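Form predicted on its own, single chain, as structure tokens, below.
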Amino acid sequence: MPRAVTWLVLAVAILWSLGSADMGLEKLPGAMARLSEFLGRMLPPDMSIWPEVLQGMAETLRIAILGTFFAVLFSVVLGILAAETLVPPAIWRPVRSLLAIVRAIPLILVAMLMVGAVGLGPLPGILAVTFHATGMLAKFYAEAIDTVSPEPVKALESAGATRLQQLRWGIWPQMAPVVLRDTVFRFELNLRESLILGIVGAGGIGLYVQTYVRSFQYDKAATVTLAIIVLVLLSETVNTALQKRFS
């Protein structure tokens, strides 16, 4: 598609969205006063609940860690099955379609289904994160396999190496930096998503957000919000450090 046509399509899409969105801009003048009133109820934060908040943060972190770990295990197998350079089209095409379906299902819906299946607590959160993350990681792993240089693989094949040996010595050294980068990125995303899973009863600190907001305890909700900000900033710092380490 020519560049001019691309820009024209984008312009038409933006103008169409602006013209039909019914955004209700007349509500903006009074929004600041209502927002200030709401924020005023959150100050000062109630730090007496900090032990409970720390417990919720630890549970959220466990959900993200275990969800990422199990997603990596499944993604290794599915990533190989979805790689065009390793398996025939009769295998990789259905697997990639399956991964696309997995990615299309909203995480919050998966979490609700898991809560209904196994009950409240961190287990449905771990299962939901595992399911949702696998759809993305397996796709990334497959693409990483497909982008490696074929020369080392052909050399190993001509030497009589098996498929597993080709993957271990010809493909993995080339794709390792990409795989590690994508895995670290997905862990950070899993952590952020785990923060809201408690809203549907899937464990983690999100449960405290729901509880305090619904009971109008905004000062306690402010403490939970501060804890979430700290956790996200720490994860961002660790992610940046790991990205530099693997790049």
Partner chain sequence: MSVAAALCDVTHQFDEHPALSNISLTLKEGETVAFLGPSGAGKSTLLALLDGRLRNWRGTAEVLETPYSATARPPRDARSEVGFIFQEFALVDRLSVYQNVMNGRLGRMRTWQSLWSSFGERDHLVVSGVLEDTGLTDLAARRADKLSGGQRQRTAIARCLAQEPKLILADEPVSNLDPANAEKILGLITGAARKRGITVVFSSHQPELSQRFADRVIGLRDGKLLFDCPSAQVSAADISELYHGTAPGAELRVVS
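Under this definition, the rigid core comprises the largest set of C-alpha atoms superposing within 1.5 Å between the forms. Residue numbers count along the first chain shown, from 1. Computed from a prediction, not measured in an experiment: that's the story for all the values here.
If you look for the form predicted together with the partner chain, you will not find it shown, but the lines that follow are about it.
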Exercise. Looking at Pro173, Gly116, Pro94, Pro106, which has any heavy atom no more than 4.5 Å from the partner chain in the predicted complex?
Worked result: Pro173
Exercise. Just one of Leu73, Ile101, Leu120, Ala155 has a heavy atom within 4.5 Å of the partner chain in the predicted complex. Which one?
Worked result: Ala155
For this session: Would you point out which of 128-136, 173-181, 83-91, 108-116 contains residues with a non-hydrogen atom within 4.5 Å of the partner chain in the predicted complex?
Result: 173-181
Problem set entry | Glu151, Ala159 and Gln165 each touching the partner chain in the predicted complex (heavy atom, 4.5 Å) | yes
For this session: Once the core is aligned, please say if the CA of Ala155 is shifted by at least 2 angstroms between this form and the one not shown.
Result: yes
